[in-house]
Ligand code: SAH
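Given as structure tokens, the chain that follows is alone and in the form predicted on its own.
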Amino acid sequence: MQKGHKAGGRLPAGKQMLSETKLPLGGQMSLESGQEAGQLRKNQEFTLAIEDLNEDGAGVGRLDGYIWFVKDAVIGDVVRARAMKMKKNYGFARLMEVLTPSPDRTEPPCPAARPCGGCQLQAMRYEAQLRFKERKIINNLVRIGGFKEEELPMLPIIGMEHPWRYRNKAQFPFGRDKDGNIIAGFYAGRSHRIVPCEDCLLGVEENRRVLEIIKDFMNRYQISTYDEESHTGLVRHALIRKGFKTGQLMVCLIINGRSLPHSDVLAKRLRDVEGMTSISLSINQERTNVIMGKEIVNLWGPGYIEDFIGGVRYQISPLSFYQVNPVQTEKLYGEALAYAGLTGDEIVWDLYCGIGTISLFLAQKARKVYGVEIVPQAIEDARRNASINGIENAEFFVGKAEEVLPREFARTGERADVIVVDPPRKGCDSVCLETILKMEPKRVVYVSCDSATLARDLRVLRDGGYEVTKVRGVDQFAQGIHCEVCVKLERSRNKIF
């Protein structure tokens, strides 16, 4: 976006400050006598310098001590914004014009970048994205974890050589535009309004052709699209997955019914796409925002695709959890394996193990690996993946990590040499952390997708006698706000166990 470019867009919704980048504050504007920034009227316009981003990727600026959130602004921009909603200490404004572009601003290559909202940082140069994410990690560790910045053992963030076309999975909702034409794309931020986008630049190029085939089939046979409000219509979403190492493709159509008319015709057409390996239906007749149904009906192929991370082969079904960025996942797991420091004689617990991606990585160099995951289907996948790779030293448990770990520790009394945790965004359960401390492993490797909850949990482990010896960000989500972090903790030599 060039200087003076007009802008519109949806409102940002978050208010948490994620970094403390030191930039000159703006907010120079003419105010009526006695009027404060927080007393602006709705639709009144003002000038603001953007100094930060919040957790939703919205720009943050201060005007006379009052905080404003401006979606689509970039750190370093000076913008003209319009007041839209005001709270006591903060408000939301719409970006109207970039008066002075940030040196880090760039033109988003995707035409749907602004209305879609899935790529919060597309307007920021990739090098600046990496700096921002690294600073966010540091600030959370300092602010929430209580660490001293100068003492943090930070390693440089691992970015992508090519930060586009990296997602191996996409879920496209179907609907109709105002003229009744079938559309597929993504939901606009914080809504279920579909923004047409059949060629997301983060996804694989095959997505467009698959969607064209599905839309043509629906038009030919007058197949209806699902309507959320009335809970009518048939086709809800299309799930498309690709194995980057194998080139295998999967298509799973999610339907509000028990069958799809003329599904044999659709399957035949989709089989013409190079790499097509698995075609199926997901039955979802619930009135819910959950995309996938629990029942899968196979139309053609084995019902799964395969892919590799490193030398480990994985079978991936429509319901399997699998990291969406395989290029960076291999780097992330490589870091985790290095931090584990395995020599072949260790007992390792992998908590929140999913389909066993990290577990099987670790099993190649450990004596025994135990994986824990709450989703039964994921554990079935983990066991199958262990079998197809000939890995016999990995055992998997279904259940909550905070229940399975203390139960097995109490039953066997066996201490772990290394514990690896890769929890969901909410972080580790407190009971899980307490059990880790009781088991007294030599090392803990913490893989996190949220540096705020990571910082909270690291503080508990540090207070329990562990020292953070390595921290490294791995950018799994280029153009987006999130970032993975890998941390190595070791038992403090000053702690007597």
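One rule holds for the numbers: they count along the sequence shown, beginning at 1. All figures in this text were calculated on a predicted structure; none of them were measured in a lab.
From this point on, the text means the form predicted together with ligand SAH, which you will not see here.
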Handout entry: Segment that reaches ligand SAH in the predicted complex - one of 234-242, 121-129, 401-409, 156-164, heavy atoms within 4.5 Å
Key = 401-409
Problem - Check all three, Ile255, Pro261 and Ser282, heavy atom within 4.5 Å of ligand SAH in the predicted complex - result: no
Exercise for the section: Answer yes if any heavy atom of Gln323 is within 4.5 Å of a heavy atom of ligand SAH in the predicted complex; otherwise answer no. Expected result: yes
Practice task
Decide whether Ile358 counts as a contact residue for ligand SAH in the predicted complex under a heavy atom distance cut-off of 4.5 Å.
Solution key: yes
Problem - in the predicted complex, Gly146 touching ligand SAH (heavy atom, 4.5 Å) - result: no
Problem - Distance check, Leu95 to ligand SAH in the predicted complex, heavy atom within 4.5 Å - result: no
Completion exercise
From Ile137, Val348, Cys353, Ala81: within 4.5 Å of ligand SAH in the predicted complex by heavy atoms is Cys353
Practice task
Answer with one of Asp417, Asp422, Asp72, Glu335: the residue that has a non-hydrogen atom within 4.5 Å of ligand SAH in the predicted complex.
Solution key: Asp422
Practice task
Heavy atoms within 4.5 Å of ligand SAH in the predicted complex is the criterion; list the residues of 362-380 that meet it.
Solution key: Val372, Glu373, Ile374, Val375
